[in-house]
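In the form predicted on its own, a lone chain appears below as structure tokens.
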Amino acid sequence: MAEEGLAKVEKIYQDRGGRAKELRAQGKKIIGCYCCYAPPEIITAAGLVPYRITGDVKETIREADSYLEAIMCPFCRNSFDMALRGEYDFLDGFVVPHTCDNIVKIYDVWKYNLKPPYSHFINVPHTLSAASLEFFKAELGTFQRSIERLIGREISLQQLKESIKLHNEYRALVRELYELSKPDPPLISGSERMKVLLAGTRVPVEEANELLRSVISEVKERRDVPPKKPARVLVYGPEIDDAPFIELVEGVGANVVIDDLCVGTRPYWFDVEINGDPLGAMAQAYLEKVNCPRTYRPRTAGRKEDLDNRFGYIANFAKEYKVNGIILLILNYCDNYEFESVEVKDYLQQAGFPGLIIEVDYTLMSIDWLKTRVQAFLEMIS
């Protein structure tokens, strides 16, 4: 019997690019994507497979230090180091959106040194305005034409809309997956959920949808639910994109029931409008509805209203999932999140949710120190 549900997730998770390599051998083109601001809908509409580029938290830097400063984003250095070692040789190209200065630099360094057969940079505005939306829509149009040149044909309006529908379906299934964490104890652990999400970014969206349906059905029916822990926590941060960090938190006394992470709720808590102009709908959804500190949200009233506008959704998550503590995992040298973290913690503290800020280097090299701090925090809030 073919593997399905969590067993299939585990296989995809452990094998990383295994399924992508199979598809490439069958003639499919695999396009690597940094961050969620590169809409996978356009890639899927072209008949290509979007593949989320991540690092490997179990690996230290071997070669990237010869190309990149040691004081830059450890995720960028780690993922580029993987590329230098041939771990991403199965990619037929890669797409990089302007999310932060480090990601922009990775695009240039990767393109210059590894010379991929296809590459594209999407300039994403950092402000919300009518002009920003118009600019971003034009950028997505440029991206679409670039993909069309790669495949040698135009992407039809119907193909775009069908792709948006498929990805909306995936987002809805992800939200349903998180619903399974609302009971106490949750029906699925945070580390299991992270593996499901990672697996979903490494296969075509049609397969990802089937995978999530299988997982949700299995989890609803299984009897061996995760044990109830003394604390229910929300994990906040940037590119925390692997299970070991979540496993660590859960291993010392918490159920990680919700998150606000780049490979977590952040890309999935919205839908793209299907009716009307697809590029305009994607521009609006990704620019306005992805809550990331790289985007400046204009202040329209007093400080309280400004903080509610920026961080209110996190407090809503905490209330809805009945958490009693927030762990803010910030990557070293991640300016966007480091600048925001103190305000986020203070805001959530005022809302009744104690928080812990921890800076990590993306790898598991300092795991004992991290475990000690998390354990002390959980004992305080339990």
Partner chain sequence: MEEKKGGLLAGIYSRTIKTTDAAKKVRPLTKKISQQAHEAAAEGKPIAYCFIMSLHDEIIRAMDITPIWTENYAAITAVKRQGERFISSAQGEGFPRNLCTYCTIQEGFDVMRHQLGMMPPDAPDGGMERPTMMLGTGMMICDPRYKSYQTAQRYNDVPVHVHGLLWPAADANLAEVQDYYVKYIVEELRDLVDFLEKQTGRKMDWDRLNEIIDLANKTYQVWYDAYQLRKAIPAPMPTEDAMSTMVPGYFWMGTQEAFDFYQDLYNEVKYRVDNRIGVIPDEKYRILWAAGLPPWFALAILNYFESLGAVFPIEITYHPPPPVEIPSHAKHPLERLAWRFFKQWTQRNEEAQRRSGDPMVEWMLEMIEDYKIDGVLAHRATTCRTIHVGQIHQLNVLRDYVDLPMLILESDICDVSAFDEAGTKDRIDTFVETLEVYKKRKQ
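These numbers come from a predicted model, not from an experiment. Numbering follows the first chain given and starts at 1.
Quick note: we don't show the form predicted together with its partner chain, though the next part is all about it.
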- [ ] Would you please decide whether V225 lies within 4.5 angstroms of its partner chain in the predicted bound form, comparing each non-hydrogen atom pair?
- [x] no
- [ ] Classify C100 as contacting or not contacting its partner chain in the predicted bound form by the rule of any non-hydrogen atom within 4.5 angstroms, answering yes or no.
- [x] yes
Open item on the list: At 4.5 Å between heavy atoms, is C33 in contact with its partner chain in the predicted bound form?
Closed with: no
Task: Heavy atom of G93 within 4.5 Å of its partner chain in the predicted bound form - done: no
Open item on the list: Which residue, E148, E162, D277, D108, is the contact with its partner chain in the predicted bound form, using a 4.5 Å heavy atom cutoff?
Closed with: D108
TODO: Tell me, please, which stretch of 81-89, 138-146, 170-178, 254-262 lies within 4.5 angstroms of its partner chain in the predicted bound form when heavy atoms are compared?
DONE: 138-146
Open item on the list: For a quick check, can you give me the residues of 282-312 that have a heavy atom within 4.5 Å of its partner chain in the predicted bound form?
Closed with: P293, R294, Y296, R297, R299, R303, D306, R310
